[in-house]
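Quick heads-up: the structure tokens below are two forms of one chain, split into structure 1 and structure 2.
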Structure 1
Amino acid sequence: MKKTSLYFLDNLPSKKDFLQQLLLPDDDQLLFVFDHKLLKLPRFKIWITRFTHRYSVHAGEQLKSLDAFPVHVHKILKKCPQMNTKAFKIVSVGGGSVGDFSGFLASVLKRGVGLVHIPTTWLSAMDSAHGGKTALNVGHFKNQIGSFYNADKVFLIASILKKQPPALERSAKGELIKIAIIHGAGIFRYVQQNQQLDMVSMLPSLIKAKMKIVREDPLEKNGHRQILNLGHTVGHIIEGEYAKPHGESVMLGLLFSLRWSYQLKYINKDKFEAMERLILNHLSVANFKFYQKLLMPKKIFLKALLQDKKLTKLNKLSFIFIKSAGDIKRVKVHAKALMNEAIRQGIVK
């Protein structure tokens, strides 16, 4: 897989600098696919209008719809009639939904064109813009169509990222705490010691930690990359059933995984208590209250679990347990065992 270059910048680069970084003489072979909401940022609005080919989209799961995909491709081909396959690049500017859509598009358009990410949400900046996964949804089934396609370059622009509302920061914290637990060491100590997190300065180490895992299993062949699913099995069920933001659902999924890890004695009492305190410290009060009252009917929980695309024929799935910060264990468990644990923890009745 091709290697991705990262650029950490305070502000959007000038058009000239940007083209220079991309080794392009002009912007003739660039198409910006960008989240139209960003036009609310005056500096971005001026910046983007300096480029010739622009395609604005509405962020969200609908953008990733397989049914809508041909419509987008038609419009894009019309916009860029002089596309030169070798030189053409798509520049994706937006959160994870824009990145997943643009990444997939870049991987199949003319059998593959260049891809540059400018992630604008914390989630996309620390997670989805790295590692090469692209995805489209088929109806309600998320991420069923996709490819592995690394970006050539990723630009992380502090001034844009800082413009996000607090809700997006809250949601991103789930993935951040997940990486901190998986990686351990300095990142874990930092989130343990600080309630307020300096997201911008954390980005390089969070990305490095994710990429360390991705590099060992870039195409998800040997299973190692699955440890990035920590907190996601139960997280996805909560997200799907209660329409809670992804990151906040993952945070609750982390709590579930940690408590099950302790129940199965994978983690000792001291480490468990310290890690539980850390998760609770970063969980919003509203989210914690929601979790405590969450009494999901058995049937709904099981149905959501059985829809999990990672389930084997024997109704087994890889579940990610925590032994300590930086020491994660992948175990095949039966769906029934998971459900019994959910009942024991009081989130299913």
Structure 2
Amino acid sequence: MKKTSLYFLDNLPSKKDFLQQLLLPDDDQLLFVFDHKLLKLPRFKIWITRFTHRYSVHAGEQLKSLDAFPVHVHKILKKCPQMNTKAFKIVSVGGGSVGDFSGFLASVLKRGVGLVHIPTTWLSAMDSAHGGKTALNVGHFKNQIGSFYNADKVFLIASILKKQPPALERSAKGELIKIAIIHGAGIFRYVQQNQQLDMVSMLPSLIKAKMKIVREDPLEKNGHRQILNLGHTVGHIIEGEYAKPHGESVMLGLLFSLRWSYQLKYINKDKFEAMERLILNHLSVANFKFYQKLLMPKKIFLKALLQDKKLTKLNKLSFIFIKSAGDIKRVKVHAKALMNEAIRQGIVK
């Protein structure tokens, strides 16, 4: 597994410093793929115009559409006709969808070019920019086509991350609490004891916790990395069907996983109640009300579930249960059993 270098910076580096970090004499072999919304930040708008090759995109799941991908590739090839595949690097500047798109693009363009991430949302900074997963969507089914392709470098810029609106911070808490539950120990205690979380100071420990798991199973061959899917099975269905933000959908998926874990007696009552209280404390009132009234039609839920990448020929998939903070259990369950539990919990009718 290629090692990714991490840089924690207060502000965007100068062009000279950035090129030095990338070991490039000039910016001729760089293409910046960036979220156009970042142009609202005056410092970023000035910074990005200092580089020659720029490709502005509209972030969101539509960016990851397989149907739209060839159009983007045609435009990029026109923009960078003198591409030297040994030196060329794509610099992704944006949130998770921009990173997924750029990572997949880097992995297939000219059979693979360099990749640098500058995540600009809390969610991408703590999770999606690390670990090498890239993906495109097919229709409204998420992440059906992808690759494992690690970035050469990841730059975490505190001044940009702090400019994110509160809604994006709330969304990031889904992945944050997921990592806290998986890791246990200090991260979980900190989340338990603090309603207001210092996201910048938490980033190094969150990334370290995730990468410890990734290094044990970088290409998802032995199944260990699947524990990072905690909350994602149901979370992805909610996200795909109702266009909910990823992190908020994962939070709802965590609630589902926790309640099923308690139903199957994997977790005792005291630990269950404490963990449920923690999740609900960080879940918005609007999202909780949405979840309580969800009642997704059975056919829609099952159709989305059968698109899950972890599904086997026998319609079984690895589901991640919770025994306690730091003690996670991966179990093969039948799709029908999962749907029956969704009916029992009142989110499917």
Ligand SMILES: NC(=O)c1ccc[n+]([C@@H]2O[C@H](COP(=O)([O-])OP(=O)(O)OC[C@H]3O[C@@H](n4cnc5c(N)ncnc54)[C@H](O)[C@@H]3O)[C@@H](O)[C@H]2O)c1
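Here the rigid core means the biggest group of C-alpha atoms that line up within 1.5 Å when the two forms are laid on top of each other. Note that the coordinates shown come from a computational prediction; the quantities given were computed from them, not determined experimentally. Residue positions are counted from 1 along structure 1's sequence.
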(request) Of structures 1 and 2, select the one representing the form predicted together with this ligand. (result) 1
(request) Note yes or no: does the Cα of Asn287 move by 2 Å or more between structures 1 and 2 after the core is superposed? (result) yes
(request) For Tyr242, decide whether the Cα shift between structures 1 and 2 is 2 Å or greater, given a superposition on the rigid core. (result) yes
(request) If the chain moves as two rigid parts between structures 1 and 2, put down the smaller part's rotation against the larger in degrees. (result) 9
(message) Give the rigid core superposed Cα shift of Ala335 between structures 1 and 2, in Å, rounded to one decimal.
(response) 3.1
(request) Superpose the two forms on the rigid core, then give the C-alpha shift of Arg344 between structures 1 and 2 in Å. (result) 4.1
